[in-house]
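As a starting point, one isolated chain is supplied in structure tokens, in the form predicted alone.
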């Protein structure tokens, strides 16, 4: 069925297709009880309790697909084990000028420079407040700094903290997006000093609010999967996170470079800057998962995201050290049925390798 819908969506520009897909998701949600059974895979070998959260399946929806928490129930209906909304910023933003989202079908990739367009923390926190009363599954919120290059230093930290105060009471975990590549100022908090200042401020807010919400940190992919941390700065950030008490990592964000693409160079140049996602990030994000697993001695959970299109690409990240997985670009190219196929495929791969549960496979090829 998605083959026909895909032709319709791919006849539109990428952002229009995304907006129409969201509208369709909202329209389908009231009828969820009639169709969700088709997408569900219920198996105790995939059930996990991580960071105080209960996951019925390891595959979740990555941030960017549902920025404003408008169709969360739909995503659970099509089989996702958890949903991450956002990125959410303290102030609402229209984002960058259009066009700002592009497909690279030859690479099964997307490039976006949306510029963190979203309704803002006040509006989205109200939607999340309503959702928190319904036991759908774990819902995370991806927080980023408001897309305004004049907000820097202490003001940038205050901006993050404001979003945290509004959103954190209504979600199951928080993802700190310290590595967004498609804003003017880029990776604002991906140096050790500013990263430490941000974490200290967020943990102070968490204590003040009396919350026990887990904090995950989303990092950039390496340019070279064979040399994940050439400067050693990533190691500093990871060690700081472990020392200050982060609960897990998300590996990885989109990439600002264009390495590994097969699409025509002219097409890539016409698109211009933006964050690259999809199949070209598969090995790079898996390498980051492996690095984080080894650096943290397997003690912190990792959400693997980047280039997941099928069970095999998902399983690679599990073996590298990911306990949970996320996808977005794969959903665009493969349709909602891909979640069920991945969950079923993971069970087949676990059986093939003699594992009785997904957790037994985590990190088995991290060395």
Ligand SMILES: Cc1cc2nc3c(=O)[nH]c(=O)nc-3n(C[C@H](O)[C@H](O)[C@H](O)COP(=O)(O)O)c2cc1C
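Given the structure is predicted, the values throughout are model-derived calculations rather than measurements. Positions refer to the first chain, counted from 1.
Only in words, not in the display: the form predicted together with the ligand, which the text now covers.
Of the heavy atoms in residue 277, some are within 4.5 Å of the ligand in the predicted complex.
Residue contact with the ligand in the predicted complex: residue 327 places a heavy atom within 4.5 Å of it.
Residue contact with the ligand in the predicted complex: residue 218 places a heavy atom within 4.5 Å of it. The ligand is not drawn, but in the predicted complex it has no heavy atom within 4.5 Å of residue 57. Note on contacts: among 71, 281, 104, 237, the single residue with a heavy atom within 4.5 Å of the ligand in the predicted complex is 281. Taking 318, 63, 302, 342 one by one, only a single residue has any non-hydrogen atom within 4.5 Å of the ligand in the predicted complex, and it is 63. From the list 120 to 128, 198 to 206, 246 to 254, 73 to 81, the contact stretch for the ligand in the predicted complex under a 4.5 Å heavy atom rule is 246 to 254.
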